[in-house]
Ligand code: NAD
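This document starts with one chain, in the form predicted alone, laid out as structure tokens.
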Amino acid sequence: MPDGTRVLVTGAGGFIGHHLVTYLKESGYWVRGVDIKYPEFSPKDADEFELLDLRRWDNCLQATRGMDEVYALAADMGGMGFISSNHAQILHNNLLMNIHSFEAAHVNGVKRFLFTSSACIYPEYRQMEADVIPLKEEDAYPADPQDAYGWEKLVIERLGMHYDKEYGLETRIPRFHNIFGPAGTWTGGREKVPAALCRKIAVAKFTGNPEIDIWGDGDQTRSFCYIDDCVTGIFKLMQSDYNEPLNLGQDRMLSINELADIIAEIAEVKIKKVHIEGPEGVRGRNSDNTRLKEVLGWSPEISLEDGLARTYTWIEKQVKAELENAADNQAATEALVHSKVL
């Protein structure tokens, strides 16, 4: 059990953030959570929770006061539909949050700072084919991320490494590869592909309409990592001495079509995929976990099927409740089916 270690989790009202707060509390830490909102689908487990807009310098100073370690998860983000159409907002908001957070941590004497980066930093020219070669950490350069979200993450990676070398703020940088799980955004436009497909398939199950919209041909590929493995990896990296960017994700690649089929099998429903026009992101992306295993002596353990079963079960309950509570079930169904996410 930690000896009085006090930690800050920014983005503690978000999906990964609130799961991480719970994990850290169960591990014996005193935890301060900070976000512009409280967790939407679970209680606040933090010892202290402050509603602060981290785009403001004074709020970052307030958030980091008295902290030994910072887990920086705060971000303006969403699924492909969101990040492909909000470049200026994402770049502006995330740069402000992370530049201020690093400097505030330095000023307040924080010892260790974990910045959550993303596989979106990898160059588009390495991800042009569905059958892509798994991405190694050094593949980030020469730089050419597809979206502003990826550019911001890459710039702040560099900032963190400079704060480590020049100021002694020990920095840790996991690059997330498509984290998913229950108790996260599942509708409204910011949800990721696994949640979107779970929602659509649950709607199909309850309405009897088997049609599932998928942007593009569905042959674009990704790997997906369950939330419990994600928070375990975050913690293990924070405790390590490794201060370079490190992939954190599963290395099992599959297509979006295959992902939909797995979820449909879990739901015990037959679906008909309807491929429509929409942003697809890069054609293929997968994680090379060689260095992850070398550095941490660990790699994600929860299978895709197990993680999707837990996620689908939770989202199906949300969909059922939404439909039952709607005054006009047809209107609710339309909203759930056509929420723009894939």
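As the structure is a computational prediction, the values presented were derived from the model and not from experiment. When you see a residue number, it is the position in the sequence shown, counting from 1.
Although it is not shown, the form predicted together with the ligand is what the next lines describe.
Participant: Which is the contacting stretch out of 137 to 145, 236 to 244, 115 to 123, 203 to 211, given heavy atoms within 4.5 Å of the ligand in the predicted complex?
Facilitator: Heavy atoms within 4.5 Å of the ligand in the predicted complex occur in 115 to 123.
Participant: Just one of 310, 273, 65, 55 has a heavy atom within 4.5 angstroms of the ligand in the predicted complex, so which one?
Facilitator: Filtering the options by heavy-atom distance leaves 55.
Participant: In the predicted complex, which of the listed residues (231, 173, 105, 179) lies with a heavy atom within 4.5 Å of the ligand?
Facilitator: Going through each option in turn, the one that passes is 179.
Participant: Applying a 4.5 Å heavy atom distance criterion, does residue 199 contact the ligand in the predicted complex?
Facilitator: No - in the predicted complex, heavy atoms of residue 199 and the ligand never come within 4.5 Å of each other.
Participant: Is residue 24 near the ligand? Define near as a heavy atom within 4.5 Å, in the predicted complex.
Facilitator: Looking in the predicted complex, residue contacts with the ligand do not include residue 24, since no heavy atom lies within 4.5 Å.
Participant: Would you classify residue 69 as touching the ligand in the predicted complex, given a 4.5 Å non-hydrogen atom cut-off?
Facilitator: Residue 69: no, not in contact with the ligand in the predicted complex.
Participant: Hey, in the predicted complex, does residue 317 get a heavy atom within 4.5 angstroms of the ligand?
Facilitator: No.
Participant: Can you tell me which bits of 68 to 105 touch the ligand in the predicted complex, meaning any heavy atom within 4.5 Å?
Facilitator: Sequence-ordered list: 73, 74, 75, 76, 77, 97.
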